[in-house]
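Only one chain comes next, encoded as structure tokens, the form predicted on its own.
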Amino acid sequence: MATVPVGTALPTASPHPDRALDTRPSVRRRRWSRRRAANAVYWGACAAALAGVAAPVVWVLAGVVNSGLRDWHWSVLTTQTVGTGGGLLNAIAGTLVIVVGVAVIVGIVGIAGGIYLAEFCPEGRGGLLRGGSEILSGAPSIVLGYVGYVTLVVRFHWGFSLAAALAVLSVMVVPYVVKATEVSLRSVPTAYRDGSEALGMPSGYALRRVVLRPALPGIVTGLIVAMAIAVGETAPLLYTAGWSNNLPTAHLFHAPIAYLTYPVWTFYNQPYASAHRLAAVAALLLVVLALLMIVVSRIIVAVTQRHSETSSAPH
């Protein structure tokens, strides 16, 4: 029997004998060319799909910006609406009040609900609450507005008011904040919780100091998305907020409030050039407000992300 010298590499069977034998440079070049062609086709298809989605959005935004800039005059920021003319100071102030109110209510209720679902909710009860939240987020906004009109405006005699508008808008967007908070908290590594428990930290202190900080970017993003949805809604506000040519007051009930989506929806159908100009300018202001919210959210997310990474890094 022949012996194999020590240190000699034994031949191993290749899982693909036909490929192992074919090592010619021309064959390798053809394979590389096919792979590059397939990769180029894939990225070309992705670019075409992105263009197909983005082109209508860019076209609509360009039309809104063009119409708004053509009819823009600085007095819309300093004068109130008079009939179908004047300015939009009352609508701008009312929109800001509504956004701040929704942010406060949804921030408290939504973040608390997300923390409960992620950290304290039993398994059996969590599925029911999550299902209810998903159903609520899928309800049409006009249905929620009509329910708010029947219950709050008529039944409870709140009238067209800021309180009715905030209640309906908060119910509509709170599922988004709950979902974003729960997902962000569940994405935090379990080692953070285990380490906090091993160090003897109370659960509430560990949640505030260790778990919430890495989850802040996702929570802030969900809150900004909820505020953007509230800014762009019209149907719930038509049923609950009404409309007013005056600036917002401190009264929560029986005090209609103005908002920017009302002239976009209503004034555009009026047979007056002044109404059409106000509708175009209001649409432009809504676009600018949405862009500002996106920029602010990116800044907040960047700051909180850097802070969370610094705070969670081992010393």
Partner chain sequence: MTVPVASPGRPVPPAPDGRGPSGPRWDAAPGVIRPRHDTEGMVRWGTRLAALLPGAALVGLAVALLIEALPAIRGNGFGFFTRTTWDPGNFYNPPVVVNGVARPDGASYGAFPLIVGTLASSTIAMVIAVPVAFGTAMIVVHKLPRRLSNTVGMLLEMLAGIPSVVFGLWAALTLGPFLAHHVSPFISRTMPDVPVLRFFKGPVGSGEGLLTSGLVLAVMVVPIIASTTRDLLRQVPRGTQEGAVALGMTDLEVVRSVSIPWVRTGVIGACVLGLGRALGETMAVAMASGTVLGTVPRNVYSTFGSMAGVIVSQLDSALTDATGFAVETLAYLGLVLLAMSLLANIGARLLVRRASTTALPVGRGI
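Residue numbers count along the first chain shown, from 1. Source: prediction; values computed, not measured. Throughout, rigid core stands for the largest set of C-alpha atoms superposing within 1.5 Å between the two forms.
The discussion below concerns the form predicted together with the partner chain, not included here.
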| query | finding |
| --- | --- |
| Any non-hydrogen atom of V57 within 4.5 angstroms of the partner chain in the predicted complex | yes |
| Contact of N39 with the partner chain in the predicted complex (heavy atom, 4.5 Å) | yes |
| W158 within 4.5 Å of the partner chain in the predicted complex, heavy atoms | no |
| 4.5 Å heavy atom contact, V53 and the partner chain in the predicted complex | yes |
| The unique member of I135, V104, L96, L77 whose heavy atoms fall within 4.5 Å of the partner chain in the predicted complex | I135 |
| Residue (of V287, L69, A273, L252) lying close to the partner chain in the predicted complex, criterion heavy atoms within 4.5 Å | V287 |
| Partner-facing stretch of 241 to 249, 96 to 104, 150 to 158, 80 to 88, counted where any non-hydrogen atom is within 4.5 angstroms of the partner chain in the predicted complex | 150 to 158 |
| Those residues of 226 to 261 which, in the predicted complex, come within 4.5 Å of the partner chain by heavy atom | I229, G232, E233, T234, A235, L238, Y239, T261 |
| Shift of W59 between this form and the one not shown at or above 2 Å (CA, core fit) | no |
| Large Cα shift (2 Å or above) at R70 between this form and the one not shown, core-fitted | no |
| Core fit, then G138 C-alpha moves 2 Å or more between this form and the one not shown | no |
